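Read the single chain below, which is given as structure tokens and is the form predicted alone.
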């Protein structure tokens, strides 16, 4: 019960501080998929306060989660939150720019699942690395692929134009890439799920 209360506090503080975390509907969907998949290793790109990593590490298969965060303040908060949930042996938080870090990540034991929830303008870079780092038959899950409805509309304002265009390309790529079998679920801010067939 104590851990449930701690997780509620982490979520409440994130929302109060306007830190983007997984929306409830998206989290429920992803947790359901993970419980079916029973992953042993998950790679997360974009830690924020550690909310999703904590949820992922808490599923029945108790996977190891490596999560990458670029902002030092978020990294420090995530480390504290993970410690408060007594998951520091199960979740490794890496302070790094994922676009650089992933290029040099070369692991023999590939990941069962890669979860992308970081800079929208970098999703294409993350995708190529995710395909390389995930097992054959593994999953790539990306959040916010509809970006508040902008991706499927005729949105062309300067402020988010690059991110929107890159997300449109991301959706096109996951549909056309022969290594992937993908679907996009219109819940939360849009969740793309791709099965990788190498």
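Positions refer to the first chain, counted from 1. What you see is a predicted model; the values in this text were computed from it and never measured.
From this point on, the text means the form predicted in complex with a small molecule, which you will not see here.
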item: 4.5 Å heavy atom contact, residue 48 to the small molecule in the model of the complex; value: yes
item: Contact of residue 167 with the small molecule in the model of the complex (heavy atom, 4.5 Å); value: no
item: Proximity of residue 68 to the small molecule in the model of the complex, heavy atoms at 4.5 Å; value: yes
item: 4.5 angstroms heavy atom contact with the small molecule in the model of the complex for residue 188; value: no
item: Joint contact, 21, 96 and 117 to the small molecule in the model of the complex, by non-hydrogen atom at 4.5 Å; value: yes
item: Position in contact with the small molecule when the complex is considered in the model of the complex, options 87, 105, 110, 74, heavy atoms within 4.5 Å; value: 74
item: Per-stretch contact check against the small molecule in the model of the complex, the hit in 33-41, 127-135, 51-59, 169-177 (non-hydrogen atom, 4.5 angstroms); value: 51-59
